[in-house]
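Before any questions on how it binds or moves, here is one chain, the form predicted on its own, in structure tokens.
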């Protein structure tokens, strides 16, 4: 059974953003209006929202049910509450979505910094502590851990493998899908395979988890979208809350959100045996200590 991290605790807008790819095209138009301006959407009647989205009232009702609402009145109440709690930047030029074509460098910097910080905050808010605890337990008990990610997610997978290796955990990161599939074929019950995919639609990552699951290994998916295909081959699902927009496919916000989850898992595993962790960290730090240049030593 797939256990999913995410949902109500993180806020309605985060929830809707995560479900966006699974909605119908007409429902997506409603969703984008709601995400762009929750306060404005909350003020609209169902007829006004349907007209603005170029769809019907029936579609708005279907959208409400798709995101877990009983009907439009409940959606308006939740949106009003969401709008009230959202903290917007003091600089009105900074927005939480796309960067406009005429943005100057100061606006670009401020907007990216705001979006990156929001991605980390919203990821932490919606992350399910119980699911994280179960994943940490599986990682701590695993004889072997395989971590896999493609492209930008691969850098996060590599980071997690190095962290685990430094505290004495047997962990592997395979950037090549052929090698990853071969490795997954050798996993067994008690091992863990963790796949990282922002969209949850990367076939390489899905295939690796499917192979690992067939061998009896525990599978974990880290994705931004809780109804994406990768969740179908995962025993545990952990979700991030980052939005990639124009110019920002593979944006730092997505990686920061993923790294936030990875750090939580790593610290959870490390804390299981603090003494052993400290010994391992000290030993690995000492092993590379002489590779650093002493600033006080003059070069001849």
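Everything quoted here is computed from the prediction, not taken from an experiment. By rigid core we mean the largest C-alpha set that fits within 1.5 Å across both forms. Positions refer to the first chain, counted from 1.
Quick note: we don't show the form predicted together with the DNA, though the next part is all about it.
With the partner omitted here, the stretch from 31-39, 255-263, 65-73, 235-243 that lies within 4.5 Å of the DNA by heavy atoms in the predicted complex is 65-73. Contact annotation for residue 52: none of its heavy atoms lies within 4.5 Å of the DNA in the predicted complex. Proximity of residue 26 to the DNA in the predicted complex falls within the 4.5 Å heavy atom cutoff.
At a distance threshold of 4.5 angstroms between non-hydrogen atoms, residue 61 is in contact with the DNA in the predicted complex.
Among heavy atoms of residue 269, none comes within 4.5 Å of the DNA in the predicted complex. Once both forms are fitted on their rigid core, the CA atom of residue 261 lies less than 2 Å apart between this form and the one not shown. Core-superposed comparison between this form and the one not shown: the CA of residue 232 stays below a 2 Å shift.
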